[in-house]
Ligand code: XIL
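One chain follows as structure tokens, the form predicted alone.
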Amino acid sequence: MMSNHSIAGLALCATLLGTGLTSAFAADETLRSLAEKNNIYVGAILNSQWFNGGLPGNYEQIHKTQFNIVVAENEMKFDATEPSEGRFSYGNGDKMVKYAKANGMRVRGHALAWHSQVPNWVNNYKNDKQKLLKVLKNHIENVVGHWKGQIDEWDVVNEAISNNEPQWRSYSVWYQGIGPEFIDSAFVWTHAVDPDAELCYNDYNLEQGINSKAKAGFLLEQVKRWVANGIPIHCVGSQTHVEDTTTDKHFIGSPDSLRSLAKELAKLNVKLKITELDIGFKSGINVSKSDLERQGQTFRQYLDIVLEEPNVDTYLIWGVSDRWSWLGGLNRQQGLIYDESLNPKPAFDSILVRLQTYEPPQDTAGKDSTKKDSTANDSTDAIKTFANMSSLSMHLSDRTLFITGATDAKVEVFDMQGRPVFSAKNVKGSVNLKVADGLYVVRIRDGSKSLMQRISIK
């Protein structure tokens, strides 16, 4: 699934990698370019303000540069696409699809059947099962048909499981008027219209365990039934809206629990996708630098699931900047990877460095390993390339990093999991790296210039 950049045979010496092994990173590498190298999708929603031209220009520039999959925040939901019965509105959705295709992005459709954001006219038929079935079928056939071949995957059913105990959500208009069979029908109808689209069930709190009393445990039993009955379900979307509680466990929800769900779904030949990720702090508290670094580590732990589990391919964040985020409605704050001024946060760094440093296991099971191993490049040529691209260069002797081409550089060192371990500001020529022996990634920033390089210290 992922490209193979082996570090077998690495000689640990105090040097830039490298002499003996190069894995140099171009100054303009992005989340998108690194995701594509690893054969995964990393993305973010287009916030609703984007559709009306209400965001600054650098928002869109960041979005199309850093991400390779996109979904609309609200603009493809039922109330947006069929605000009155039989009258469909596709303008905003068309705008996003056009944007995605122009920028080579994968497109998610969200969402066809959901208890929320249903226009009031639908409730007129909640006591007429046959009419309500026709309403849902007509909506799916028109909306999916309109974007047939352009939407790569659909959230067919969204949040149909109760949050209080593992059972179907009883106050959904679809459940009240039709019963749980509306779910089976929605998948069958969607597949009939667009048999090439991947079809997902999407829900939240799936990272809170797979036991029988947890939402994910209940869902697993339903997926087993759907698969056994030939219902065309291809994926489960885990929204993964996680909260930092500032307790010893820090976060509600567990990457390990979500990984366990992925493994169980793999047995059913069903994918898991992280579809709406954010990691927020309670509103009103002061968020410290260490809090943001811990947040970044948790973003990285969820990314590891996508990198390491063969049936997980999508890592999609529910927003770009903290300035435009739905989290205020949940009494949360600062849950995204860019701050309110569209500057990258430690979470961005953790994701970027983890994508750069991920080393997939050796191919021992006949998996595709046709991608070239860039670690065979000549180190001298690689380092020259960086110097030419950014006018920055670096040289490591023992633990002293020498920098040329910078006036006042900021030096940051990350471990191989993307966690910050050292930093220094206003470095004019050299800095002593106060880190333990091991492999690291160094980033130098000087104004708009940036250079990253993997190093080994012993």
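Every value quoted in this text rests on a predicted model; they were computed, and no experiment measured them. From 1 onward, residues are counted along the sequence shown.
Keep in mind that the form predicted together with this ligand is missing from the display, and what follows is about it.
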Handout entry: Per-stretch contact check against this ligand in the model of the complex, the hit in 179-187, 123-131, 110-118, 257-265 (non-hydrogen atom, 4.5 angstroms)
Key = 110-118
Problem - Output flag, 153, 201 and 234 jointly within 4.5 Å of this ligand in the model of the complex, heavy atom basis - result: no
Fill in the blank from the handout: Answer key, this ligand contact in the model of the complex at 4.5 Å (heavy atoms) among 302, 78, 281, 318: the residue is 318
Exercise for the section: Go through 276, 349, 313, 322 and name the one with a heavy atom inside 4.5 Å of this ligand in the model of the complex. Expected result: 276
Exercise for the section: State yes or no: in the model of the complex, is some non-hydrogen atom of residue 159 no more than 4.5 angstroms from a non-hydrogen atom of this ligand? Expected result: yes
Exercise for the section: Tell me, yes or no, whether residue 194 is in contact with this ligand in the model of the complex, where a contact means a heavy atom of each within 4.5 Å. Expected result: no
Exercise for the section: Decide whether residue 139 counts as a contact residue for this ligand in the model of the complex under a heavy atom distance cut-off of 4.5 Å. Expected result: no
Practice task
Determine whether any heavy atom of residue 333 comes within 4.5 Å of a heavy atom of this ligand in the model of the complex, and answer yes or no.
Solution key: no
Fill in the blank from the handout: Near this ligand in the model of the complex, with a heavy atom at 4.5 Å or closer, the residues from 322-359 are 326
